[in-house]
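The form predicted on its own is given below as one chain in structure tokens.
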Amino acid sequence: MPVFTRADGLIDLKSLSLPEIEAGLTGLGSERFRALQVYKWLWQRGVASFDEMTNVAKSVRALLAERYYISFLDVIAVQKSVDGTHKFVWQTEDGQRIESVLIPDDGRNTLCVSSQVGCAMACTFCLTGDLGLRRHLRPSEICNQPLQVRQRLDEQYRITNVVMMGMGEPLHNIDNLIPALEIYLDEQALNFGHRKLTVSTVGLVPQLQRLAEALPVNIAVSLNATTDEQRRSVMPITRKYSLEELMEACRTLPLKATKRITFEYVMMAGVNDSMADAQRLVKLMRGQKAKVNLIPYNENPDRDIRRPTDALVRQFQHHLVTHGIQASVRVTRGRDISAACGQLGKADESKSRVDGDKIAAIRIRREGEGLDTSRFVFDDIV
């Protein structure tokens, strides 16, 4: 697992695996069992300081404080959509901004998590690509997103599913992604079931194979076209990995978490929404253990791309279904707060900025009412 050291020489403890914490503590002369205690405090309790680790000896806490620190993201904005979707804008230690989106839906609460600051893939339909790649997120930054959302939610918003579909291409950051996913899956840490965790990719073929071999997680491939020429025009990665290479890799992946790959298909009017496209998509799915998720494009003023009509989307879906392809249409969520697919990184902070004074005021009020100040209800903030 990569080791991340702050300017003052302290190591980001949350970016270490349990065995690495064990090695660090035993190297400092502490008992090995202390590592699991510390690990649980970090990921199950979400403590902000070593002093809060009450079952860890004071001498061990002192040793930890001399060598490590506990990292967190700063929440600088929370936006609430008319449809109930919530978007968190976080600030990292170096001042970068990333976003997470919580999508509540009939008892299922899905958190969309970012894996990079910006993105290098430059897909024409995605606003995040306009930022370019600023840097990869550390394992701690990937894992702190669900941890910190949990700390600010009532039980009705308990996260049930996680999708790595936020800012960035997860497999471009695979060296940090895999250690982060191990923390997600670890029952001693974030404890998400493998069937509740999905990683989305534009199709980095070698990394896709590596992920499938390493961990039992769901895989979603952003397809968005039915020919190489068409896909190159909207997804530059196709110049490196052809559609044929990608589909062949998907056919042979050792799937551990699910029997099917989800193929995401963003439908853009006049680009990839014709019945000829539907026919070619059926052919592409032959031999694949797959389902198709149709995503009508989310229009925005920064793009000339248009959304297909609902009737055309239904016709497209009907053609897939009648030819034996499992196909669903994703309902657009969070569009009014730029939280929908392809919109992350374009937050309008003027709508719902949460500054330090407001958070302090909330804490003072809740303390006065004898309430837990570590957990904010959404309506307290927005």
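The numbering used is simple: start at 1 and walk along the sequence shown. All values derive from a computational prediction rather than experimental measurement.
What follows is about the form predicted in complex with a small molecule, which we do not show.
Judged against the small molecule in the predicted complex with a 4.5 angstroms heavy atom cut-off, the residues T201, V266 and N298 are in contact without exception.
The stretch that touches the small molecule in the predicted complex, counting heavy atoms within 4.5 Å, is 159-167, out of 159-167, 70-78, 135-143, 183-191. Taking the partner from elsewhere, W90 is found to have every heavy atom lying beyond 4.5 Å of the small molecule in the predicted complex. Within this chain, Y241 is remote from the site of the small molecule in the predicted complex, having no heavy atom within 4.5 Å. For S222, a non-hydrogen atom is located within 4.5 Å of the small molecule in the predicted complex, even though that partner is not displayed.
Contact annotation for C126: at least one heavy atom lies within 4.5 Å of the small molecule in the predicted complex.
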